[in-house]
Ligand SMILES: Cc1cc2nc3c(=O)[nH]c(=O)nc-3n(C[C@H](O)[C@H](O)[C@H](O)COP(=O)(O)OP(=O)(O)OC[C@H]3O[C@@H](n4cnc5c(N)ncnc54)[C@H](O)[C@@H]3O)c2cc1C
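A single chain, nothing else alongside it, follows as structure tokens in the form predicted alone.
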Amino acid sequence: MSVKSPIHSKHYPDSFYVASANGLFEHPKLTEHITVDVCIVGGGYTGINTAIELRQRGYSVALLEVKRIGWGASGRNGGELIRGIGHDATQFKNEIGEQGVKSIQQMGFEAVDIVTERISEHNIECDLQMGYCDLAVKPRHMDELAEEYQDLKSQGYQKPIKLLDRSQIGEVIGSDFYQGALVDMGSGHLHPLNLALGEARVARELGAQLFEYSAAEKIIKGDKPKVITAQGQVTCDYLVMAGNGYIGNKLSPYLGGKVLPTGTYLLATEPLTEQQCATIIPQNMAFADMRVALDYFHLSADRRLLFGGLCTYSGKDPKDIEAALRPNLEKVFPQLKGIKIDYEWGGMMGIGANRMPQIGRLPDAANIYFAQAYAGHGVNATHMAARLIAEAISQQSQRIDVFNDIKHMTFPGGPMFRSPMLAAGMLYHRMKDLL
């Protein structure tokens, strides 16, 4: 039977992360008309880090969050910091060229460095632990991992990587479920909500104005965009849309039509003994397998197994998250059969049709930027998106153009038909997984 986590503050979801948060600082509501250089809509990793990057460049910034800082995917995700941006940048070679593909690949490495450097520079306590493994469930996954290993070497990846076959995999995981692994010491895991809260502190200290309970209700485009809330208004030179799957069609039909909110879910066990931890995850790494309907997991700082998975497109949570996820957990770690589950939670991530993050400018408003649809890899990609947007606004570089040039399909049929269509597509890929 699951034990619900205590709610530390209104509007935060029940989760292990909320129960172990390093203080939930409450920001004011916007109740006046203000003017700034840049207004940001969305208080997750993208918005917070865009605020940091812009304040470091001298811009005045106001950030509007509909609920609490880190309330969405940034405060609920699996906490895995994994190299790379998007899924196979080579598929876009015709649109962005070979150099564009190489640029995205290198930014996938840089993105992790942005996170680790920010944590180190600003003493953010978020339990960062390096070490990550991609896990092969089928023999063909081993071929894919071998190809990935060679690709990383050819791209000049500087962090230690290692291929493990079935006879070696016990070095990193106590499970017979897998065929092998690709170990990457340049990726890892952390406490995602504490990362968001720590970065919000950094943004405040740099002078950014952060507002909670301040939903953007209307946007007026123009030379000086305006964002209208229930009790206030922000006038700005540049606007950044950083709400991801929560932007919706009403606020921006263009963005809302290109991203689908998709559910993913996690369990946190009771604290394990040191012996149990050494048996299942001897090197305290993070893991994700290579299936479409993947499992992902790692240990928390207080020795709980955090185990995630599932992927829903209906907008509705499972009736019983523990019942849905426990069989997967016990299949991977049968030695934990019957383990007590202390927390269960979930939330929405944003996913696009081609599973490449959508980063760029609105086609009808060059002073309105956006970033969304991280497809489950947002811990690092959000930070890269924030840097690209800040570089573009400050005219430091136009690296953002490589993403802006990628075409993204608008899901047809309106909101009611998008979920079934994507679900059907994902079912096709899951069936291929079974072959």
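Note that residue numbering begins at 1 and tracks the sequence as displayed. Everything numeric in this text was worked out from a predicted model, so none of it was measured.
Omitted from view is the form predicted in complex with this ligand, to which the following refers.
The partner is absent here; in the predicted complex, the one residue of 266, 281, 305, 290 having a heavy atom within 4.5 Å of this ligand is 266.
The single contact residue among 134, 80, 295, 344, judged by any heavy atom lying within 4.5 Å of this ligand in the predicted complex, is 80.
Annotation: in the predicted complex, residues 73, 375 and 379 each come within 4.5 Å of this ligand through at least one heavy atom. Residue contact check for residue 246: one or more of its heavy atoms lie within 4.5 Å of this ligand in the predicted complex. Taking the partner from the other structure, this ligand in the predicted complex has no heavy atom within 4.5 Å of any heavy atom of residue 255. Within this chain, residue 54 is remote from the site of this ligand in the predicted complex, having no heavy atom within 4.5 Å. Mapping the unseen interface onto this chain, residue 64 counts among the residues with a heavy atom inside 4.5 Å of this ligand in the predicted complex.
Between 164 to 172, 147 to 155, 345 to 353, 202 to 210, the stretch whose residues reach within 4.5 angstroms of this ligand in the predicted complex through a non-hydrogen atom is 345 to 353.
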